[in-house]
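Shown below, as C-alpha cells, is a lone chain in the form predicted on its own; questions about how it binds or moves come after it.
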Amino acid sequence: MASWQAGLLGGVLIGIAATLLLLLNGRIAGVSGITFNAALQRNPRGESAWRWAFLAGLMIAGGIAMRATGQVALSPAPFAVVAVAGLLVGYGTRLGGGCTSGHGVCGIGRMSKRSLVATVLFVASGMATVFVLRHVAGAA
C-alpha cells in the first residue's frame, strides 16, 4: 500500500469514527480531551467507559493496520525526546483548547471559526518546524 493510500484510508477512518461518535453519543472526538478526562477521571460516574472504549479502539485499529500492512511505525528518536515532545504537544493542546483531531476534523466539520484558526496555526507551525529542522538545523 502506498503511503498516500494509507494516509487517505486513515483519514477516512478517523472521519467515520468522529461522525459515529457524534451521531451515536453526541460527543466530539477530540482525542486530547477524551484522554485527559479519562486519565484524570474528571467525569460524572459512567462517563469514563465510552472514553476508554474510544481510546482502546484507536489502539486496536492502529495494531490492526500495522499487522495488515506489515509496517511498524516506531519512532527512531530516543525515548526522552519522544517523552519531551509528547509533553510539549500536550501543553500546546491545552493552550489551544483542543488537538488537531478535535479542531481539524470535528471543529472544521462543524464550521467553527475558532477551529479553522487553530488548524491553520497547527499546520503553519508544523511547516515552520520542518523548515527549521531541515534547512536551518540540517536534520534529515
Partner chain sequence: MNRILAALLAGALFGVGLVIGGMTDPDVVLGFLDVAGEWNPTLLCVMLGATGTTAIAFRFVLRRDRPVFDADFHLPTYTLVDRDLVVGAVVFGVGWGLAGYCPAPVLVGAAGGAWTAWVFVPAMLLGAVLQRAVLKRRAVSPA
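Numbering follows the first chain given and starts at 1. For the two forms, the rigid core is made up of the largest set of C-alpha atoms that agree within 1.5 Å on superposition. The structure displayed is predicted, hence computed values, not measured ones.
One more form of this protein should be noted, the form predicted in complex with the partner chain, which is absent from this view; the next part is about it.
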Query raised in the report: Which residues in 8-25 have a heavy atom within 4.5 Å of the partner chain in the model of the complex?
Result: Leu8, Leu9, Gly10, Gly11, Val12, Leu13, Ile14, Gly15, Ile16, Ala17, Ala18, Thr19, Leu20, Leu21, Leu22, Leu23, Leu24, Asn25
Requested in this report: Answer yes if the Cα of Val81 shifts by 2 angstroms or more between the shown form and the other one on a rigid-core superposition, and no otherwise.
Outcome: yes
Query raised in the report: Leu133 and Ala80: do their C-alpha atoms lie closer or farther in the model of the complex than in the form you see, with a change of 3 Å or more?
Result: closer
